[in-house]
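Given as structure tokens, the chain that follows is alone and in the form predicted on its own.
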Amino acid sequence: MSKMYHKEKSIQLKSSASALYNNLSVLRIAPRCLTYFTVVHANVVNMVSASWDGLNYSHRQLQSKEGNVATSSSLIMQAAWCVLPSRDLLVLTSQKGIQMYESDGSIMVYWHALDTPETPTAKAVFARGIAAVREKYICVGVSSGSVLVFDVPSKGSNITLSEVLEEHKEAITDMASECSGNLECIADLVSADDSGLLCVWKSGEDFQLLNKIPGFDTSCSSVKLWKGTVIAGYGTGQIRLYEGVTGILLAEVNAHARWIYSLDIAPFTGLLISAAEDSWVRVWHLSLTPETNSVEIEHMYNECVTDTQICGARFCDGDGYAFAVTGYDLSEIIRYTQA
């Protein structure tokens, strides 16, 4: 296996990464030759802006909030950028609610409080799973299994909760929208939960459930949607590829020895990255043959981050030329670029 990637200089963080699924988000700001990174630590989001020449870094920390209260001890479950045609927002989900910021983290434009039960229950309450869908929707998952659909105007803070999708019975783990840019794909959102159930949706004024793909009682921790194909990573270390609309299993790979924490896809090239508790990051290549309705998955590259429980892995661009990795208790983002 040829050496596809080499290690670059790491980016230091103000505090270490928590052991959360998909604990890394990346946003390229091409006009300014910058890349933004976010990594969650307890009730804080570490945000780093890095110039492409590697010379300038600026840091910002965002605290979890409750409404207008300045700071909160509630744990943040995820931070992710949502890229819509008219604007980019940074969305934070916590045990108390959902915070939406301008993409540089400077201004909080919206806060949505989660319904907390009057009497304490055994079930934890939190939001997790974030996806921008089509022109104007941001979808966020909740521990009850609900998916909240927010309607986002092209500017300003008049964001509204337009719909609640009630198909999951377990806590939402992750969500993804169609990332290929192909407008002919019928499905444009997939949601996953702790039982491994996948729901495939078509967005619109009313979101339509297209399909439910059963999960065999093993948690699906990370999910992607590319050219109508659902790519799901599981606690078993397996990756499964399904045709979204029909739910047909196209491929299954025993990718990791332990729990998968993160998947990402480079939409322009079909490169797929998987990262797990077993310290391994693996890069795969997907090729779809629409005529025969088949998909091939080829193993391209391995990287071991020794003694590290990897919790986040993201490509830094649409071609998969570079990727970044975070690990539990590591106070750095490790970066790799193609050799």
Partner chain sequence: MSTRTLPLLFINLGGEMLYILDQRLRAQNIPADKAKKDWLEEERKRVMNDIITTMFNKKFLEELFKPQELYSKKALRTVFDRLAHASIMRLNQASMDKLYDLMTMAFKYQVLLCPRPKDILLVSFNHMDAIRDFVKDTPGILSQVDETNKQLIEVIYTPLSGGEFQLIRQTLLIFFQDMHIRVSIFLKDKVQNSNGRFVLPTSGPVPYGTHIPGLIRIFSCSGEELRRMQFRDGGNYSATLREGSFEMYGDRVIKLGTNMYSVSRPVETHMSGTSKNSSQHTKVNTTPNPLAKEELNLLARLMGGLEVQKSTNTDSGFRVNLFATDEEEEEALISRPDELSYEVISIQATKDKQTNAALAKIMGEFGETSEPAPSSSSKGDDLLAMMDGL
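Residue numbers count along the first chain shown, from 1. The structure presented is a predicted model; accordingly, all values stated were derived computationally and were not measured.
Missing here is the form predicted together with the partner chain; even so, the following discussion is about that form.
Contact between Glu252 and the partner chain in the predicted complex is found at the 4.5 Å heavy atom cutoff. Using a 4.5 Å cutoff between non-hydrogen atoms, His299 counts as a contact of the partner chain in the predicted complex. For Phe37, no non-hydrogen atom is located within 4.5 Å of the partner chain in the predicted complex, even though that partner is not displayed. Using a 4.5 Å cutoff between non-hydrogen atoms, Leu161 does not count as a contact of the partner chain in the predicted complex.
Residue Ser72 is the only one of Ser103, Asn211, Ser180, Ser72 with a heavy atom lying within 4.5 Å of the partner chain in the predicted complex. Contacts of stretch 37 to 51 with the partner chain in the predicted complex, defined by any heavy atom lying within 4.5 Å, are made by His41, Ala42, Asn43, Val44, listed in sequence order.
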